[in-house]
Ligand code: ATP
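To begin, one chain is listed below as structure tokens, in the form predicted on its own.
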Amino acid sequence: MSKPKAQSSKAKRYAISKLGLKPSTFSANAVKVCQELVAAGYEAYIVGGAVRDSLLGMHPKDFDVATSATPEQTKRVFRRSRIIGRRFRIVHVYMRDELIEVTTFRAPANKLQTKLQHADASGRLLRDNVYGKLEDDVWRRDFTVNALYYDTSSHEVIDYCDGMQDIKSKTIRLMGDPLTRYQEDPVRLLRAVRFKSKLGFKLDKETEQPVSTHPHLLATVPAARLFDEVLKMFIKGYGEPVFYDVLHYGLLEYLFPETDKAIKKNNLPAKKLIAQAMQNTDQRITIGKTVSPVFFFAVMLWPAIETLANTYIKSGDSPVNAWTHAALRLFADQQSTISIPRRIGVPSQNVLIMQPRFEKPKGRRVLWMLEQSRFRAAYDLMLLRSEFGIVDSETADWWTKLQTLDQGEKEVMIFGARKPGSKKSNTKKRTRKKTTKKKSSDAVHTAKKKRKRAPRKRKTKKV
């Protein structure tokens, strides 16, 4: 791999005290992992996002370690650890209640090491387990701002590629030739957009260009891997700006193809609704509330499912059946792009299948809906649809009021009051007169005879 021409191969070292950081800024468990590896005779540094976020005054949740020890050597140092991965072999070290991810320094492959590094026809790396030194590992990182190493012994940040300068200028810059690096791992297209939104940075021009010209590279990424990456993008507190960037760069087509088609048709206010849902999600995360991926996938697939359901309804299908068939079909189709686990996919489908029931609530079915575990998520989606004029406001108000009542009042409202959207009828109900057949006098006489009891015979004692 070629090094960026503008970057220096000589390391710069910055004392963390001059950067406004303290040793206690970093996870004590990650520091301990580094210290134990150093004591065992290896090099070890805290690397990547933890260093970057600490420099930006953010609080990292995950701490990664890079070391000169191979995965097998690392495993021998830590009893509670395991080697995972095939494409990139890494070690998970379990320290009390924290998991520290440990990777071995990587290097470019040479002719004698082709079995350890293998790419497909598109250039995507299928295996990359060629190990090297710290100086080599730097250039195998994705972005310059992620290629900073914290030395726990000297309390210094090591910078080989002017990552510190890019942090100051708030720039996301890819290491090496951008197109080659995206081909090696197309997920970097998504990571570039994610870091741009998360950090509030701009993309370097050379880094940005292939994002919009080569989104098709994402088609080669395994569906299971895209599931994890999509969750990192959309439900970490910056989903709204990520959504707009994904649309801007044409990436949505390779993540949610049917949703992308529905937005382009513009037959529903899908773009605005999804953006609003992402904004609501970001606000929940900001105030420390939990967010479920169930609601996220329901919202993202909603435009395509409602469009298809409307087609089924026009063909004579009932609304509930139409939404059910549309949800089952489109969730099945989505699996080829993003592999959604059943534990998330099935509840997401239920959130969507409940939508037509909000508009025509019927008796005990309303009480049944209120008891469903996914009612709240379904109700929130219905409110969003109401906000954008897809569901009438009377229906939304009816359901909102219903939830404020006690059980007795709910039953009066459901069974006693008129349903939302229905009209009072002026016509009186017709009462049907009961007609009884007149029995003939002979029949009455015989019936009376049958009712008469025969006199009991007295038993006589024998003398």
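None of these values were measured; they are calculated from a predicted model. Each residue number is its position in the shown sequence, starting from 1.
Here the subject shifts to the form predicted in complex with adenosine-5'-triphosphate, a form of this protein not shown in this document.
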Is adenosine-5'-triphosphate close enough to 52, 62 and 195 in the model of the complex that each of the three has a heavy atom within 4.5 Å of it? yes
Candidate stretches 142 to 150, 261 to 269, 302 to 310, 382 to 390 - the one whose heavy atoms come within 4.5 Å of adenosine-5'-triphosphate in the model of the complex: 142 to 150
Counting only non-hydrogen atoms and a 4.5 angstroms cut-off, does residue 168 reach adenosine-5'-triphosphate in the model of the complex? no
Proximity of residue 240 to adenosine-5'-triphosphate in the model of the complex, heavy atoms at 4.5 Å: no
I'd like to check something about residue 225: if you look in the model of the complex, is any of its heavy atoms closer than or equal to 4.5 Å to a heavy atom of adenosine-5'-triphosphate? yes
Can you tell me whether residue 185 touches adenosine-5'-triphosphate? I mean in the model of the complex, with a 4.5 angstroms heavy atom cut-off. yes
Which pick from 325, 191, 214, 89 sits with a heavy atom within 4.5 Å of adenosine-5'-triphosphate in the model of the complex? 191
Answer key, adenosine-5'-triphosphate contact in the model of the complex at 4.5 Å (heavy atoms) among 248, 232, 284, 364: the residue is 232
